[in-house]
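One chain follows as structure tokens, the form predicted on its own.
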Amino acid sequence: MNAVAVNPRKREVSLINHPAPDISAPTEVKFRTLEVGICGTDREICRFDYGNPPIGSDHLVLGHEGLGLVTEVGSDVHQIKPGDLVVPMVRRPCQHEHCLPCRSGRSDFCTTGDFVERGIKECHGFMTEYVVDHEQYLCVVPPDLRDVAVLMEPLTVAEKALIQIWQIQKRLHWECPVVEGKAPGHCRQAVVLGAGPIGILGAMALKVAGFQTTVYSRSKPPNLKSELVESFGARYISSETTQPEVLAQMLGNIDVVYEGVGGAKVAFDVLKVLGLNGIFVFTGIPGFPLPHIMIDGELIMRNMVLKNQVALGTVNAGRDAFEASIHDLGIFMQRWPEAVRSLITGRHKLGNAKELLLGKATGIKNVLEVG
């Protein structure tokens, strides 16, 4: 079957003939891949910044933002049936008995670093025609989300961040007063850095949670992204025209910063203006070569101590975030269907993958239609 893969040793990205998988365990599910999203991680793997083939293979099949249609299930599969739409999770646990997160189903908090990730690290991904995976790593998606379900995995970045924000902020009386018709975060101010898919989906999730949400991105409005952001009720401010200090003056106390831009300079510039009791979430991974930047470490350290601030990093999500994504994507489609659909700015055939992966990034989210 066709697959898009990288060969790090030969430094090649190509469409290859890959062996078709078969169910070999009673808990496994076989699905036909329908769509795969392309993200910055895929492009970085294709620049050979990272990405490791499975042991014994010279290539790694790409793709971790998948959507599939179930074609066959093993004898011990009980929650999934042929015909179901599924979104696969990305990370798989390490094999060390002493890693309590992996042994308890939370490989997204693996303590050894020996986890594997489909399409990224030592495990083939979903940029191919058929995939077999265990039931526990698949999430069933309602049929009415079919045309946007490929956005599920990138949305989990924001959902995991929100889960952690609410858990961490239990350290103080951070809850908003209960007001009928308003979501829990209605009295809190959130800033999203970046207007790519991670940033825009994060802004939507923060809006659903009630936060007064501002997207802080480079390009001056009006533009495609600013219009999209404003269409679902968030505010858009350009970093080209508004410095972080002015941003803080405009918004007041910034309770949450959700970084979705992958650039350290803008992140640390905004970290300096995080508000009292604020929480800063890093989600981006700067690409290589890593640039050296100057930061005001003394001010940041002083602020974090005196203002009771928290900074955290978050990466590949667990089932709780995938389930939250399914729930919230349904809400997005009820409230802002055109905005959600417009996030996907291009659908392409599998044969065009190399051009999309190696060429200049365009649009917001490009998707490969596999089957």
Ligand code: BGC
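For every residue, the number given is its place in the sequence shown, counted from 1. From a predicted model like this one, the values you see are computed outputs, not experimental measurements.
The same protein has a further form, the form predicted in complex with the named molecule, not shown here; the description that follows concerns it.
Partner contacts here mean any heavy atom within 4.5 Å of the named molecule in the model of the complex, and among 69-77, 165-173, 83-91, 238-246 they occur only in 83-91. Glu117 is the sole member of Glu117, Asp147, Glu135, Glu230 with a non-hydrogen atom within 4.5 Å of the named molecule in the model of the complex. Interface residue remark: Asp255 is not counted as part of the site for the named molecule in the model of the complex, having no heavy atom within 4.5 Å.
Contact check for Met333: no non-hydrogen atom falls within 4.5 Å of the named molecule in the model of the complex. Thr33 falls outside the set of residues with a heavy atom inside 4.5 Å of the named molecule in the model of the complex. In the model of the complex, the named molecule lies within 4.5 Å of some heavy atom of Val315. Using a 4.5 Å cut-off on any heavy atom, the one residue of 150-182 that reaches the named molecule in the model of the complex is Glu153.
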